[in-house]
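Only one chain is given next, in structure tokens, and it is the form predicted alone.
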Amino acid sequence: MNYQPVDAAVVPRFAGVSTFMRLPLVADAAGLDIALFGIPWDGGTTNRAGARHGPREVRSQSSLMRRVHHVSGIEPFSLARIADVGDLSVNPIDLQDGMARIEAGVGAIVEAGAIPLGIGGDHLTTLPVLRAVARRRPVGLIHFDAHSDTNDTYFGNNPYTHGTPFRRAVEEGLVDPKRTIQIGIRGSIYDPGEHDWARAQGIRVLYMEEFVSRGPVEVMAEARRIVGEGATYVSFDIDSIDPSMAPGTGTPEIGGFSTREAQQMVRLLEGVDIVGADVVEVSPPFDVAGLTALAGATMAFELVCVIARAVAARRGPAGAAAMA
């Protein structure tokens, strides 16, 4: 039997142990289809720290998620076995050890046969997650963000910050740059050629202005064409959403997606072979009334729905019957 969330009509949302979407907290990912986990680590932050507190607050706000998606009718917790496997072990004072711990934790989830869906944490956390997810082959990438995160070094010759993870991921052969699209890029940049390296590798950098002119449906159709049928990772930086709707983040940029546009884009991921995903850069110390954490929880729920439907479809007739 699949795990079900605690029913808020039976037990009030402010009661009980806080877990992602009020699902059971389990010891490991064995037997799960989708493993939700926290990455309470912001060792790569270059300015406003605080994303280490993101998983705890996203858990709290995710109590507002219910069992059924109101548009698609998807009941993810009936389609797939989903649970909260807790937080990964981290080291807040040693960057390299912190990344090694994250890689090992996600590696155990992948080896158990579950699809990892992590809640960060700053965006550097995605690099060790990709080291685990893409251990056997490079993956495509659909990346929602205000920033390309393909810079080289910061503060001298430091190659590991939340502004560098996807450059390192390409260099390490974890991500196929020709199957990569970055959506929502905007804001002032360090120099005119800041995105030249990404483009030279084959990454599709789609600025916010182009998104506004084309709209979610057309942009996501292009994203699906770029990643094709191969294994794909989805990374959602909460700062892709406009800070008027998601102020609690490390590097806010004016002019981003509305929460409604973000929801629509994630729903349009249906058909993509998602082998892992994350929602990152929720920083509660800068939040207002939990708005950013609620946005993060909602994006995670949207991802859960898309992934759960794909899991059920792969099961064949039995899974299709469950989707009906």
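What you are looking at is a predicted structure, and each value in this text was computed from that prediction instead of being measured. We number the residues from 1 along the sequence you see.
FYI, the form predicted together with a further copy of the same chain isn't displayed, but the following is about it.
- Though the partner is left out of this view, Ala289 does reach within 4.5 Å of a further copy of the same chain in the model of the complex, counting heavy atoms only.
- At a distance threshold of 4.5 angstroms between non-hydrogen atoms, Gly256 is in contact with a further copy of the same chain in the model of the complex.
- Among residues of the shown chain, Ser148 is not one whose heavy atoms approach a further copy of the same chain to within 4.5 Å in the model of the complex.
- Although the partner is absent here, Glu229 sits far enough away that none of its heavy atoms falls within 4.5 Å of a further copy of the same chain in the model of the complex.
- With the partner omitted from this view, the residue of Leu174, Leu79, Ile102, Ile185 that lies near a further copy of the same chain in the model of the complex is Ile185 [heavy atom within 4.5 Å].
- Remark: all three candidate residues (Tyr160, Gln263 and Leu294) come within 4.5 Å of a further copy of the same chain in the model of the complex, counting heavy atoms only.
- In plain terms, the part of the chain that comes close to a further copy of the same chain in the model of the complex, with a heavy atom within 4.5 Å, is 86 to 94 out of 220 to 228, 113 to 121, 129 to 137, 86 to 94.
- Along 35 to 57, a non-hydrogen atom within 4.5 Å of a further copy of the same chain in the model of the complex is carried by Pro40, Gly43, Gly44, Thr45, Thr46, Asn47, Arg48, Ala49, Arg52, His53, Arg56, in order along the sequence.
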